[in-house]
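The chain below stands alone and is given as structure tokens, in the form predicted alone.
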């Protein structure tokens, strides 16, 4: 079957891909910094305010607002949590501008966060941090932030391309700059090319290539896959964060893998095994309040000790804190568990490490600029700010901080751009052909192929890794990719043809999974979220490096680059002499 397609074309000044915290903040700031009458367009795979990962944020937003906490302390926690791999200029920018951004969220965007009796903003404890600094709205913080951002954007003169899926970043003929982006209008199945002077890629991460994962299934790392096809360098691709406490509700429900938030452990929740014994102090002297990577490995190690296949995960227990207190403080979590048949307040809930966040991403500077003129990247698409491990509460701060920075810079940069850039028509046609490819193949079972990938990544490229497992994983990924290329979809009607989009989703996941695996093979030590059982030592902190992968056609090259300690070196601190190691009281 041969499918011919026409490409509709139109122009804008600033184009934003994604409507999570980074994309919406990017739009608002671009409108402020750009010249009058600048045309700003936002495009999203789903609906504005109804999709993306920011909306799913439960825990909160890290920001140093006093009571002994400082930006310097937040920065040192971020560097230590990232095991000295973060880009320090990005981490510093994150911690300093989070203070500005939280006031902007309240005073300009209209967010309302929980408060103490004296009227100050309430900040709760999160694991891996030396101060209670996580601002929140109960345990449904993301809904508050994204709802208010959505209201602000919808009230402004922004062109909105909803249910438009980005499928290709299209460069100029000489490859020196970005011309625009090719989309599929999911409602009609038509192709749509949009030229822009500046493009912000804020499509989010979403490591849904794992058996247990927190993001919704339509989050398939399309942005990173597009960037890699264009040959852009990506860093830290081995660094997949597993949230320790994903709800384990059975294969029959999509609730499995969704997060039971970090504040549960921060408030004093216990993790217990099938014998009812608390086990995390066997793995860290911080117990349940260790960083996410440590707690995930502790739970995974306990799971491997268990020989009963009917008992998969471990359990989180909150009842010792008082059921009524738990119901009041964590109403959203209690309701989530009740919906799945569990009593979080008075009983125990089975949990499993769940793929949650991707620390890796496109190489950018602290201003969100990439090596390609006209392309900016913010949020989970960008690598560097978190290093090898993200602190809980730093994710939505990262998105909103760098989304705003990107918007500011795009608005200023287009003042120097007089004309739109013409696309490389060869690349444009290649991306069109790539999208049409599955329409020419016989139909098959895409659902089974995606399950096969999830099993392969969980088994061989998961919480704990070995060379043999990673090599096996690479082969399994290659086999699934080969089978996908022989599997097609029915193209009789391309409007809301979700099987077609499932094919493209799986293709993106396979491309990113392959690079995760290759970067993990390249790193022969254990840092943060990346743990090699055959190389358990972290390596020299002074000689820390990060991986940089670059795709060229069907080949991927992985190199190492040294971390630049631009602000602080291992063994040093920027905290004043005499500062206490932590401001947090330990829980029993």
Partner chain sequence: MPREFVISGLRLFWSTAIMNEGFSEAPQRLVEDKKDTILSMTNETTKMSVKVWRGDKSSGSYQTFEVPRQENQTVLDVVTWIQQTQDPNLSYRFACRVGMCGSCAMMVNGAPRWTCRTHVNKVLDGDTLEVAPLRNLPVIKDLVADMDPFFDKWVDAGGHHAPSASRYDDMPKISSDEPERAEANKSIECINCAVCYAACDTVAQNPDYLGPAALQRAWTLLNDKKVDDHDAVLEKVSGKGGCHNCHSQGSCTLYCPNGLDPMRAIAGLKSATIKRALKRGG
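Residue numbers count along the first chain shown, from 1. Just so it is clear, the model here is predicted, and its values are computed rather than measured. The term rigid core refers to the most C-alpha atoms you can superpose between the two forms while keeping them within 1.5 Å.
This protein has a second form, the form predicted together with the partner chain, left out of what is shown; the following refers to that one.
J.: Only one of 305, 416, 328, 115 has a non-hydrogen atom within 4.5 angstroms of the partner chain in the predicted complex; which is it?
T.: Looking at 305, 416, 328, 115 one by one, just 115 meets the 4.5 Å heavy-atom criterion.
J.: Under a 4.5 angstroms heavy atom criterion, identify the one residue in 433, 486, 285, 339 near the partner chain in the predicted complex.
T.: By the 4.5 Å heavy-atom cutoff, the listed residue in contact is 339.
J.: Does residue 429 make contact with the partner chain in the predicted complex, using a 4.5 Å heavy atom cut-off?
T.: Residue 429: no contact with the partner chain in the predicted complex.
J.: Look up in the predicted complex whether residue 197 has a non-hydrogen atom within 4.5 angstroms of the partner chain, and give yes or no.
T.: Residue 197 lies outside the contact set for the partner chain.
J.: Given that the partner is absent here, does residue 532 sit within 4.5 Å of the partner chain in the predicted complex, heavy atoms only?
T.: No - in the predicted complex, heavy atoms of residue 532 and the partner chain never come within 4.5 Å of each other.
J.: Using a 4.5 angstroms cut-off on non-hydrogen atoms, would residue 258 count as touching the partner chain in the predicted complex?
T.: Result yes; residue 258 sits at the interface with the partner chain in the predicted complex.
J.: Based on heavy atom distances of 4.5 Å or less, which listed stretch (237-245, 85-93, 215-223, 369-377) is in contact with the partner chain in the predicted complex?
T.: Every other range fails; the passing one is 215-223.
J.: Is it the case that 144, 163 and 498 all touch the partner chain in the predicted complex, with a non-hydrogen atom of each within 4.5 angstroms?
T.: Every residue of the spot touches the partner chain in the predicted complex.
J.: Taking the partner chain in the predicted complex, which residues along 151-169 bring a heavy atom to within 4.5 Å of it?
T.: Going through 151-169 in order - heavy atoms within 4.5 Å of the partner chain in the predicted complex - the hits are 151, 152, 154, 155, 162, 163.
J.: Following rigid core alignment, is the displacement of the residue 341 C-alpha between this form and the one not shown equal to or greater than 2 angstroms?
T.: Residue 341 C-alpha, core-superposed: shift of 2 Å or more.
J.: Core-aligned, does residue 331 move its Cα 2 Å or more between this form and the one not shown?
T.: Yes: residue 331 shifts by at least 2 Å between this form and the one not shown.
J.: Core superposed first: is there a CA shift of 2 Å or greater at residue 350 between this form and the one not shown?
T.: Yes, because once the rigid core is superposed, the C-alpha of residue 350 moves 2 Å or more between this form and the one not shown.
J.: So the Cα-Cα distance between residue 252 and residue 490 shifts by 3 Å or more in the predicted complex; is it shorter or longer than what we see here?
T.: Here the pair is farther apart than in the predicted complex; there, closer.
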